[in-house]
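Structure 1 and structure 2, given next as C-alpha cells, are two forms of the same protein chain, each shown alone.
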Structure 1
Amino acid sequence: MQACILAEGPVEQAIRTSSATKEFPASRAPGLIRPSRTLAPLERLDIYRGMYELRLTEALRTDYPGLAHFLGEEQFAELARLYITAHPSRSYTLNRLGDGLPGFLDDLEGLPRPRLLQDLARLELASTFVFDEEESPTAGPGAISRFSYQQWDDLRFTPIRALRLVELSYPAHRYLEALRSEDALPRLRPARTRLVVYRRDFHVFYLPLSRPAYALLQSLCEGLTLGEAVQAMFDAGGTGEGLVYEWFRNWFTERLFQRVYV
C-alpha cells in the first residue's frame, strides 16, 4: 500500500511500479481492498495518495514560503512533488522534511533564475534551524567589561544557539522581509550578501554584514579568540579598529552571544 501511495502518476500506474509489485502483483491489488457503495477499491486507495502529496507539499510550503511565492502555486507543487519522490520523509517530524531542498535545487535543471532560488532556499532553511533551536541565555555588553583590557585578546565568544551565518549571491533576505511584512516585493539583482540569521524575542531576523565583519563573526563562532579573529580579519585585508567596536556594540544589542570567557 505504501509503495502505491509514494509512486507518481495515476493509481492504475502506481500499482504497476516495481516497488508496488514487490508488495503484491498489480492484478491482485484491487482484490485486497473492499469496494464501498460509491467507490471502487483503487479509488479508495487514491484518496490516500492525494492526501499524501498535499500534506507533504504543505509542510514544505510552511518552511519555504519565499520559494513557494517566487515560483507560484503550480511550479512549487511540481518542485515539491519531485523533491518528495526523491526524498521521502524518514522521520516522525515534518520539521526537517525540507532539509535537502537547497541541495536538491543545486542539481535541478531548467529552473528560472536558479542562483536566486538556491539562495532563497538556503536562507529559508537557515531560518527554520534558527526558529527551532533551543533558547540560550544571552550576554550583554557588560560581559566584556568584566575583563581587563589586557585580557581582551584572549576572549572567546559563544554565540547563541539560534544563529546561523549565510553567504549568498543575492540579497534574498530583502525578498523574505518584504513578503513577511506584505510590502511590495523587490526585484533582486545579484550582490554578494553576507548575513547573520538569528532569533531574538522568538522572531527570526537577518542582519547584513560587511565582508570583514562577517569574517570576524565567523571566526568567533568557530571558537577563535578575539585576538586571533581580529588578526585573521586584518590579514585578509580587514578594516579599522573603530568599526570593530561599532560591530560589537550592535551584536551585543542584538544579543548574538550567550557567553564571553577567557
Structure 2
Amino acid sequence: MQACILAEGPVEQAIRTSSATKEFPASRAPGLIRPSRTLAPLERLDIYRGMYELRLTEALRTDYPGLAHFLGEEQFAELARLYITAHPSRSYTLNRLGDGLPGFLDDLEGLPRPRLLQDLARLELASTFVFDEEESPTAGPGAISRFSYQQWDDLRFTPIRALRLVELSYPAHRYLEALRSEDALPRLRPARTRLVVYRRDFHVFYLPLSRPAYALLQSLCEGLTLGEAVQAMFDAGGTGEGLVYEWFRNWFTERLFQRVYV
C-alpha cells in the first residue's frame, strides 16, 4: 500500500512499479482490498493516494501560511504539487518537508512579485526552525556586570538556540504579523529589512534591526568577541555608545542570549 501511495501516475501504473511488485504481483493487488458497494478495490486505494498528497499540501500550508494566503488556495495547491513532485517526503516527520521551498521558488517562473514571495518563504522557514528548536537557558542583564570593563572587549555571547537572523528585500514580517492578528494586510514596498527571528514563551517574534545593530548581533552570533563585533558595527555605519547600550538592554530583555563568557 505504501509503495502504491508513493508512486506517481494512475493507480493502475502504481501497482506495477518495481517497489510495489516486490511485495505482490500486480495481478494480485486488486485482491488485497475488498470492494465497497460503490467503489472497486483500486478506486478505494486511489482515495488514499489522493489523501497522501493532500496531507503533504496541508503540512506545507501549516509551515507557510503567509505564502499560502498571498498566492490563494488554487495557486498554492499547484505550487505544493510541483514542490512535492520535485522534493518528495523522505522522513518519518513532516516538520522539515518544506525546507527546500524557498530555494525551489528561486527557479520558478511566472510567480507574482517573486522577490516578495521568496522573502515570505525565507522568513516562514526561519520561523519554523525557531519554533522547533529546543529551549535554551537565558542570561539576564547582570551577565555582563560581573566582568570588569577591561574584559569587555574579550566577551563572547552565546545566542539562544531558537534564534535566526534574516536579511530581506521586503518587510515581509509586517505581512505575517497582520495575518496573524487578523489586521488589514499592508501593501508592501521594497525596503531592505534585517530581522531577528526568535521564540519566547512559545511564541515566535520578529525584531527589526538597523544595519549597524544587525552587524553587531550577527558578529556576536558567529562567535566573535565584543570588541570585534563593535568594529563590524562601525564598519556598517554605526556610531555612539548610547545606542549600543540600548540595543543590549533590549536584547537581554527579549532573552536572546544564553551565556556571556570570556
Partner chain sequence: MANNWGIPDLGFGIGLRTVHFPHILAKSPPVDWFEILSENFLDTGGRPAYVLDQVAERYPVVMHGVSLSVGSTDPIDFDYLRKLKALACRTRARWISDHLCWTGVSGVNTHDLLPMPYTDESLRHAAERVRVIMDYLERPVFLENPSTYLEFSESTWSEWDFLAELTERSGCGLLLDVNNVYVSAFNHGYDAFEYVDRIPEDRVVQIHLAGHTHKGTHILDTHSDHVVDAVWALYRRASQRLGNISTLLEWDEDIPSFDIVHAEALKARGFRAAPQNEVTRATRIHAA
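Just so we're clear, the structure is a prediction, and the values are computed from it rather than from any experiment. Structure 1 provides the reference sequence; residues are numbered from 1 along it. What we label the rigid core is the largest C-alpha set whose atoms superpose within 1.5 Å from one form to the other.
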Label of the structure corresponding to the form predicted in complex with the partner chain: 1
Hinge of the chain between structures 1 and 2, where one rigid part gives way to the other, from Tyr52, Val130, Tyr206, Ala68: Tyr52
Rotation (degrees) of the lesser rigid unit against the larger between structures 1 and 2: 28
Per-residue CA shift, Ala26 (Å; core superposed between structures 1 and 2): 9.1
